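Just the one chain here, the form predicted on its own, laid out as structure tokens.
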């Protein structure tokens, strides 16, 4: 019988020690492991080296909470809703150690980590200054076959990865039916993998949709059920982006009330968060948007 890896969200601190390097899944405004991020904030798990590819409100809130020592990233933004205010302030003030790489390099670094390789090559990115400003991530190399100048990208192996998925069974077999970013590579590169999911299902349900199983259970260490666990970012096909919540966050930070937002998050349970942030009308709208809005396949 497969091991039961299900744990409550409240046990997350036992899986993410202070000082750890933590890879956060999601990309742009989608699929960020927000329930896990909120729990880290509640439990004050700090001194973290956060690794995020196309990051957003997840990283900004961790920085706002004072939990991030170092950040390896290719982007942190609220996209159409503005700059990530705490990320920008920390970088401008020089209070956050940063390692900036391109989005492609981040994918290559995680892929190298997933393959248990020290690095993988990629082509020179031309006029970019990133290899100069982040020398620990890039190294100029020569192709042993053609002599071509290439860039070697150092592998990334986070101590822990936090990835949010649509559904999972107790053994950790995890399914995604929307965009994935580089979550599968991050999952395989991490030394410990914690999956949060919209719903726990039985193994028969997983087996009935094998093409959706992008993370196999044997690489998962813990499974946490967290409905609306990516909110306010989108998690297609379950719910769309809560633009109202993102705008409220941006406005509050712009008015100097970011500390109030973080204090509220830290003071409430995840169930309390859902009750406050997601009344019935908001849930219906977000679920309808995810269900009815055209995709690239249907437009």
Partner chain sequence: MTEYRIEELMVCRIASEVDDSGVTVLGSFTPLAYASYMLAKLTHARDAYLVGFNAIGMPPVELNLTGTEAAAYRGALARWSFLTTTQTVHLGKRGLVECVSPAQIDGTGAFNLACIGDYAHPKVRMPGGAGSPEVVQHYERILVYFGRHDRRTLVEQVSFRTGQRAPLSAEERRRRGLLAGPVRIITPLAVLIKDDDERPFRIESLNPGVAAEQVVENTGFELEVPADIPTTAEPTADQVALLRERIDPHGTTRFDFLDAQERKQMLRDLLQDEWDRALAASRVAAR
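Numbering follows the first chain given and starts at 1. What you see is a predicted model; the values in this text were computed from it and never measured.
The same protein also has a form predicted together with its partner chain, omitted here; what follows describes it.
Put simply, residue 75 is close to its partner chain in the predicted complex: some heavy atom of it is within 4.5 Å. Put simply, residue 146 is far from its partner chain in the predicted complex: not one heavy atom of it is within 4.5 Å.
Though the partner is left out of this view, residue 177 does reach within 4.5 Å of its partner chain in the predicted complex, counting heavy atoms only.
At the 4.5 Å threshold, heavy atoms of residue 182 reach its partner chain in the predicted complex. The contact residue chosen from 139, 200, 222, 91 relative to its partner chain in the predicted complex is 91, the criterion being a non-hydrogen atom within 4.5 angstroms. Scanning 156, 105, 193, 226 against its partner chain in the predicted complex with a 4.5 Å heavy atom cut-off leaves one residue, 105.
Relative to its partner chain in the predicted complex, residues 16, 260 and 265 are all farther than 4.5 Å at every heavy atom. Here the chain stands alone, but in the predicted complex its contact with its partner chain, taken as any heavy atom within 4.5 Å, falls in 233-241 among 266-274, 34-42, 61-69, 233-241.
Shown here without its partner chain, the chain has no residue in 252-272 lying with a heavy atom within 4.5 Å of that partner in the predicted complex.
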